[in-house]
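Only one chain is given next, in structure tokens, and it is the form predicted alone.
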């Protein structure tokens, strides 16, 4: 029995259209499962800025398995030992932030793959990746199904984009306009003309190299630019933003309803 097919990698390869995603940073299996069942093509379990560790990521991966939304795991850094743990608990697609050189990209690509193509340690039979050893030929087939997304989000990364994209084993690139704009001296203001032009240039270079480009942005101008330029996968929001805004909207609605008519307060949605 081979390693499970990676549907996200397959969809990128077959160019099935824009893949919609959601950042998931609440570090909770229940919320991850709710988001995975909402209809997104992929969700991003964020361990860079979300309070996640390996056991919490493992619990979220297990929680979302019955939904078609593919879980991408973003690690806080590209350390081979951490990549090995993330893969062994069942992650197939990893996103690594702040990739800036071809040398760094090459190490990441090798860390995701077993020899002779890489340096991943043999031992997945201890974890979820091989269904705890029940997938007998997991190690022989896993390399074809892992997916590495390198994030370009700095001036140095922009300078080295051609070499990063050309690195064997880098499957896709995600552009981080917030960090990029900060590194360019604009304090996170991603829609200034210089940043917009840089993002458009990056998407063009990534596409020209035959690799899928992605982006995370909630700004309407950047969303429109990214769609026009031809990104293949995109996230426009986060679970934390959705919860914070929905909670604030309900609180405001309740205050308004009570002021007008206490009996007109909104229903609780069937729970008590």
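Positions refer to the first chain, counted from 1. Computed from a predicted model, the values in this text were never measured in an experiment.
FYI, the form predicted together with a small molecule isn't displayed, but the following is about it.
Taking the partner from the other structure, the small molecule in the model of the complex has a heavy atom within 4.5 Å of a heavy atom of residue 216. Using a 4.5 angstroms limit between non-hydrogen atoms, residue 78 is distant from the small molecule in the model of the complex. The shortest heavy atom separation between residue 49 and the small molecule in the model of the complex is within 4.5 Å. When contacts are judged by a 4.5 Å heavy atom cut-off, residue 118 does not count as touching the small molecule in the model of the complex. Shown without its partner, this chain lists 167, 151, 160, 130 as candidates; in the model of the complex, only 151 has a non-hydrogen atom within 4.5 angstroms of the small molecule. Exactly one listed residue, out of 184, 196, 178, 109, brings a non-hydrogen atom to within 4.5 Å of the small molecule in the model of the complex: 178. Across the options 109-117, 131-139, 151-159, 83-91, residues that bring heavy atoms within 4.5 Å of the small molecule in the model of the complex belong to 151-159.
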